[in-house]
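Below, in C-alpha cells: the form predicted alone, a single chain.
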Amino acid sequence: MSSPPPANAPSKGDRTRRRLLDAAAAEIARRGPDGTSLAAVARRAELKAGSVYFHFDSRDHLIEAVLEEGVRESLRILDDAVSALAAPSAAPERLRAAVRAHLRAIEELSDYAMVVLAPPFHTAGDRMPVYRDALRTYLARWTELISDAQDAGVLPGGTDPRSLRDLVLGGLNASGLAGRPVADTARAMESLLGLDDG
C-alpha cells in the first residue's frame, strides 16, 4: 500500500501548469511573444493543446503568468538570500546578498529572465496588472536596499535610489544575460559599489 503524498506536495494540475509555464518561457525566450504559439508550447511541454486552455484562458494570460512567475521566483530568491543573513545585518551585507541573489535568479531562471527582461515587456504593466504588481514589489525591495546603503554611507546619498537601483540592475542583467560567470560579475559589481571586502 502506497502512502499518501505529503500535504504540501504539488497536485497533478500544479505540475502540469508548471510544465506549461516552463515550456512557454522557453518558447518566448527563443521566438519572442509574437512567434510563440500555444500549439508550440503544448508540444514543448509534451501535452495536448487542450491542456493549455484548461490552465490559461489565452496566450496573453499565459504570457502574463510567465512574466509573473519569473518575477515572483526572483523575489523569493532575493528574500531568501537577505533573510538568511545573521540578524541584524548591515546594509552592505544585505546589498551584497541581493547582488548575488539577482545574478543567481538570472542563471537559475534563465528562460524566465530572458522573457522578463525582453524589451516588449518593459511597458506591459498597463495590460498585465498581476505582472506589474509583482515587478513593483521586486523593484521596491531593491530601492529599499539601495536607500539603506545610502543611509549607511556606502553609496552616494545625493542620487535618487531608484536611479541607482536601475543602474545596478541594468549592469547585473546585461552581464547575467551575456553568460558571464556569476562569481566574476558579483565581485565586479561589489567592487564598483564599494562592497568588496578588500
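Residue numbers run from 1 along the displayed sequence. Predicted model only: the values in this text are computed from it and were never measured. For the two forms, the rigid core is made up of the largest set of C-alpha atoms that agree within 1.5 Å on superposition.
The same protein also exists as the form predicted in complex with the DNA; that form is not shown, yet it is the one meant from here on.
Using a 4.5 Å heavy atom cut-off, indicate which stretch of 58-66, 166-174, 153-161, 132-140 touches the DNA in the model of the complex. The contacting stretch here is 58-66.
Can you tell me whether Ala29 touches the DNA? I mean in the model of the complex, with a 4.5 angstroms heavy atom cut-off. No, Ala29 is distant from the partner.
Indicate whether Gly13 is a 4.5 Å heavy atom neighbour of the DNA in the model of the complex. Although the DNA is absent here, Gly13 would touch it in the model of the complex, with heavy atoms inside 4.5 Å.
Taking the DNA as it sits in the model of the complex, is Ser147 in contact with it (heavy atom to heavy atom, 4.5 Å or less)? Result no; Ser147 lies far from the DNA in the model of the complex.
Residues in 140-168 close to the DNA in the model of the complex, defined by a heavy atom within 4.5 Å, in order: Counting only heavy atoms within 4.5 Å of the DNA in the model of the complex, no residue of 140-168 makes contact.
By the 2 angstroms cut-off, has the C-alpha of Leu172 moved between the shown form and the other one once the rigid core is superposed? The answer is no; the displacement is under 2 Å.
For Arg187, is the CA shift between the shown form and the other one at least 2 Å following rigid-core superposition? Result for Arg187: no, shift under 2 Å.
Core superposition between the shown form and the other one, C-alpha change of Leu145 at least 2 Å: It does not reach a 2 Å shift.
Using the form shown as baseline, tell whether Asp14 and Ser83 are closer or farther in Cα-Cα distance in the model of the complex, where the change reaches 3 Å or more. Here the pair is closer than in the model of the complex; there, farther apart.
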